[in-house]
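Encoded as structure tokens, the following chain is the form predicted on its own, with no partner shown.
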């Protein structure tokens, strides 16, 4: 006869709690910051899922051999497996969406502070996405088209901005050089200063 293992023997915490904590972790970071990839949390959830699956395999075989009273435990573990899977997929998908949005908002280079929050696979995904986006934008017109310049329809060609740091010389497309010192204000072409606005060098004066 197969010994039935209490599904709570996997740990003192409730089943699925670690997977739910991954989702809560992302919810707490809705201020724009991406928390570091929780490799340890992912590993614990996967280990829990493996234990649930292996126990279900044992009890399914025992049920097939005629043992009774195991079906409710099998169904509960299966529900826990599906719930953990949904939480893991939500965690990965949400992070990929935030990384993708970061590319559109700040540009093709990951700053060190943001890069430290990513795992190696996420950095590789960002690199491939960046390459695909660049290839597509070059193919739109004979000279290419930067789709990331105007995330919102512009109301004017020039925009008043304030410099938030000592940036130094900023050369515009016509060759004009503007010195960007902290707290100075300028009227600049929107299409050329938007990348600096997204990077936090400049702020739009409304």
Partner chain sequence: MVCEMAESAREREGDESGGSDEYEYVTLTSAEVLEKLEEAWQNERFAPELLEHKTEVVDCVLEQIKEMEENLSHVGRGDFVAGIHRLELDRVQYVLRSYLRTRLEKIERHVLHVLEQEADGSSSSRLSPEELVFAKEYADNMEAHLQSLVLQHMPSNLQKLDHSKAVSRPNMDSYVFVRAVERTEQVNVDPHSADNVGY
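In this text, all values refer to a predicted model and were calculated from it rather than measured experimentally. Numbering follows the first chain given and starts at 1.
Beyond what is shown, the protein has a form predicted together with the partner chain; the following relates to that form.
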item: Complete contact of 23, 72 and 114 with the partner chain in the predicted bound form (any heavy atom, 4.5 Å); value: no
item: Interface membership of residue 165, the partner chain in the predicted bound form, 4.5 Å heavy atom rule; value: no
item: Any non-hydrogen atom of residue 49 within 4.5 angstroms of the partner chain in the predicted bound form; value: yes
item: Partner contact for residue 76 in the predicted bound form: the partner chain, 4.5 angstroms, heavy atom; value: no
item: Contact flag, residue 109 vs the partner chain in the predicted bound form, heavy atom cut 4.5 Å; value: no
item: Heavy atom contacts to the partner chain in the predicted bound form at 4.5 Å, residues of 84 to 110 in sequence order; value: 85, 86, 88, 89, 92, 93, 96, 100, 104
